[in-house]
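Only one chain comes next, encoded as structure tokens, the form predicted on its own.
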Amino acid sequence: MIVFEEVSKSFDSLEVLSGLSFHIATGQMVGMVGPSGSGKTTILKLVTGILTPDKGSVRVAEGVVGYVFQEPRLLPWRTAVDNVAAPLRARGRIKAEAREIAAHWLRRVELGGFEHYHPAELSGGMAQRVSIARAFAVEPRILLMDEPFSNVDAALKGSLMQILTSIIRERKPTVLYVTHDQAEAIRLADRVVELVPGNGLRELDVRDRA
């Protein structure tokens, strides 16, 4: 569950959010669309606690938060399996156990056999799959995604979306997915909301999606 109640946030004299209220139910996937500068990434940072609201409140269910970024953000000196294992090690898992879990998730994103490749040896789509595996390896209760397919070519986007939706349906985290691509959000999400600068959120109709 994620709840925003009358949330406002400014940076110096620039007001990014003003009196924003919305909720995401437990296990629901919400797509959020809107133009650059409308506050989508600010909302994600408020959910994680990196930022705090100037006014209002943000309530987030307890549990691990997973994050899939626009860029894979892999450590170049670590192999794929060690990149996925890194957050597990940070949470106290022993090395062998963390690497076993990481290898499992690399197989889930169709990267079995690439465990010992470094990021420079992977294509952009493969690197993004590593980042998806890393997010799910920590068993997130809440999953945040910030334009995860914006740097992936159209030929790979479809397969990545299929992998992602399959895992989400199985694991059922609460998901907030931000993107510029309205069609993409409608295809993936249970609900889609549009962030309109100065006017808050409006719900989009997804009943007629293919």
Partner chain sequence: MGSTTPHKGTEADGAPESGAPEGGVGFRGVVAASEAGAGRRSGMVRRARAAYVVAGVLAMLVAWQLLSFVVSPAVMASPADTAKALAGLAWGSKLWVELLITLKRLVIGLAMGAAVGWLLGIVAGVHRQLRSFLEPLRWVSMTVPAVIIAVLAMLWFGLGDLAVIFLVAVIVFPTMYVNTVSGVQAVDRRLTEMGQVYHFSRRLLLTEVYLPGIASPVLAGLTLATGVAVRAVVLGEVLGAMNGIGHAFSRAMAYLETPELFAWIVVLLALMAVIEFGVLRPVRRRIMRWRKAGG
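Fair warning: this is a prediction, and the values are worked out from it, not measured in the lab. Numbering follows the first chain given and starts at 1.
Just so you know, the form predicted together with the partner chain exists too; it's not on screen, but the next bit is about it.
Shown without its partner, this chain lists V81, A98, L74, M126 as candidates; in the model of the complex, only L74 has a non-hydrogen atom within 4.5 angstroms of the partner chain. Checking N151, T48, T26, S57 against the partner chain in the model of the complex, a heavy atom within 4.5 Å turns up for just one residue: T48.
A135 belongs to the set of residues with a heavy atom inside 4.5 Å of the partner chain in the model of the complex. The partner chain in the model of the complex comes within 4.5 Å of a heavy atom belonging to A120. Residue contact check for A90: one or more of its heavy atoms lie within 4.5 Å of the partner chain in the model of the complex. By the criterion of a heavy atom within 4.5 Å, G39 is excluded from the residues contacting the partner chain in the model of the complex. Listed stretches are 65 to 73, 27 to 35, 153 to 161, 170 to 178; the contact stretch with the partner chain in the model of the complex is 65 to 73, by a heavy atom cutoff of 4.5 Å.
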